[in-house]
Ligand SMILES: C[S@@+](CC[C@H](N)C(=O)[O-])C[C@H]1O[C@@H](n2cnc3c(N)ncnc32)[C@H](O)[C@@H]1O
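Only one chain comes next, encoded as structure tokens, the form predicted on its own.
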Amino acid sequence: MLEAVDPDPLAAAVALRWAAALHHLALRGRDPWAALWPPAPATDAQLDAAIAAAWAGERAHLDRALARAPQTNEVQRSAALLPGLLHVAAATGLPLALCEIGSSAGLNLWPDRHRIDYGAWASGPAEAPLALRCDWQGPVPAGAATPLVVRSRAGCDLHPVDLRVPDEALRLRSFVWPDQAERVLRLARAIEVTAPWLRDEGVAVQAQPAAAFAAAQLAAPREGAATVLMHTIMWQYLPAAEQQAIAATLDAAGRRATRTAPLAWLRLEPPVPDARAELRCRLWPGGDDVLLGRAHPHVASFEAVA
């Protein structure tokens, strides 16, 4: 069955697509799935029957779900992006223009608006509608007190999730497993908070390949702003040719960068598969690349190293 969706079902994460399709039915309040999925108790026999019922009676829904790659948008990664953005702001003294590749629904385009409590320090308005917590290890960043001003926001994704469509928000939620209660609640709140910002401020996640988006966004310097090309846990999924194209675009744009129109490449990515993700920032003019810290991909904690 799984081979019918993709010749390499493991690489295509077909099992995750299948699990999310069933979770999506539960989120839509459909029975028997809504009555059996966590936090509701269920026996193995009940779950087996529910899975069989989905295959027999929900084939159109399952076919749509199985045809689309898994889509996650972990807003907790804003807790790792923020110290990087503060680093850029402190180094340049300029407002930021955020350009995110692999944006999904665009939840991580707003780290300056969240209240993020690191224990050792905190950032963002106390009355922020979304509060995040992250265990901070290491020195408090030098830019922690730097006012963070964001002038513009833009993002892209091959298959963006449009939060203006209610069922799209449910589809995004379906990829967080229902027994992970904290992540479930955090994502639901992030969707509730972010959807009006995207709508009211005209910030759309463009359906565009990452290389094409980067080329368009970095075609000319933004005078009076620091342009930040950023991404989290997505680089490994890009074809090598697209990675090379983005790197070439960054190098060319870096040569055009000036003190009044600088460029930063901020990324939270594992250096090798299954390793802890590294937060790195390369800043032009100059092109120095700095390791700022390390984190688990879901960023429950952050270890600062610079």
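Numbers for residues come from their place in the sequence shown, where the first is 1. Note that this is a predicted model, so its numbers are computed, not measured.
The next section is about a form of this same protein that is not shown, the form predicted in complex with this ligand.
One stretch from 226-234, 113-121, 85-93, 132-140 that, in the predicted bound form, holds residues within 4.5 Å of this ligand by heavy atom:
Careful reading of the contacts points to 226-234.
- Query: Taking 4.5 angstroms as the cut-off for heavy atoms, does His159 touch this ligand in the predicted bound form?
  - Reply: The answer is yes: His159 has a heavy atom within 4.5 Å of this ligand.
Answer with yes or no whether Ala42 is in contact with this ligand in the predicted bound form, where contact means some heavy atom within 4.5 Å. No, Ala42 is distant from the partner.
- Query: Would Thr146 sit within 4.5 Å of this ligand in the predicted bound form, counting heavy atoms only?
  - Reply: Contact with this ligand, no.
My question is simply whether Arg171 lines the interface with this ligand in the predicted bound form - judged by any non-hydrogen atom within 4.5 Å.
Because no heavy atom of Arg171 falls inside 4.5 Å of this ligand in the predicted bound form, the answer is no.
Item checked: Residues within stretch 186-217 having a non-hydrogen atom within 4.5 Å of this ligand in the predicted bound form -> Stretch hits, in order: Gln208, Pro209, Ala210.
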